[in-house]
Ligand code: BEZ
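Starting off, we have a lone chain in the form predicted on its own, written out as structure tokens.
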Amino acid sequence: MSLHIGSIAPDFEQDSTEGRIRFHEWLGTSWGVLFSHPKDFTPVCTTELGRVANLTAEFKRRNVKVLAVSVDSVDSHREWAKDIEETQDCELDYPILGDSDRKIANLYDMIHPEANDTLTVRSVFFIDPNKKIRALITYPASTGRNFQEILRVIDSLQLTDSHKVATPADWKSGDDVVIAPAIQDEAELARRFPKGYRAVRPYLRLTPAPDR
């Protein structure tokens, strides 16, 4: 199954370290980040899961639920969690899905056989409250994720859902944004962007962050 931006995130029911999860029901009206790990008791994954735990407040502030998945069993995850908490100085307060049967890995196309035919790559799925996939990032097993970038993507998605803007290269929350080219009426521009805008080119107009 090939998933794309705009696809409905496949629903599933699976055991986790926090009990049985029915994915869409568990998400409710929250945003979601589903991220995969190649294997338990591996060094890069250990740092990633700890990093997410230490960013719990940042995800909650954005109304985002995080859900990890690894191809090992829930019992293995629970043992691994002890190592994660001890080595990363954190409290693992979000669920990790067991996926020994590769059900989730196959449903979300997380196994790339040209890289490895049994282990998942480091996939990240950004899912909105309507259960649509809004962004995807895939890293090889050897490269740990940048979770500040993951938060930045969420900030951009949520901002651009609320305002007719886009976020430029290297944008961070609070920076100037780009006005959507479709807005040409001066009255609408004045209403939507009362702080004004700077036209670098007719198609490139910058305005201060509309949510600040």
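The first residue of the shown sequence is 1; numbering continues from there. Remember, predicted model here, so these are calculated numbers, not experimental data.
If you look for the form predicted together with the ligand, you will not find it shown, but the lines that follow are about it.
Peer 1: Any chance G32 has a heavy atom within 4.5 Å of the ligand in the predicted complex?
Peer 2: So G32 does not count as contacting the ligand.
Peer 1: Just to confirm, R122 within 4.5 Å of the ligand in the predicted complex by heavy atoms?
Peer 2: Because a heavy atom of R122 falls inside 4.5 Å of the ligand in the predicted complex, the answer is yes.
Peer 1: According to a 4.5 angstroms non-hydrogen atom cut-off, is V153 in contact with the ligand in the predicted complex?
Peer 2: Judged by the heavy-atom cut-off of 4.5 Å, V153 is well away from the ligand in the predicted complex.
Peer 1: Evaluate A141 for contact with the ligand in the predicted complex, applying a 4.5 angstroms cut-off between non-hydrogen atoms, and reply yes or no.
Peer 2: A141 belongs to the contact set for the ligand.
Peer 1: Answer with one of T42, Q158, T56, S173: the residue that has a non-hydrogen atom within 4.5 Å of the ligand in the predicted complex.
Peer 2: Comparing distances to the ligand in the predicted complex, the residue within 4.5 Å is T42.
Peer 1: Thinking of the ligand in the predicted complex, which stretch from 63-71, 44-52, 165-173, 182-190 has heavy atoms inside 4.5 Å of it?
Peer 2: Residues of 44-52 come within 4.5 Å of the partner.
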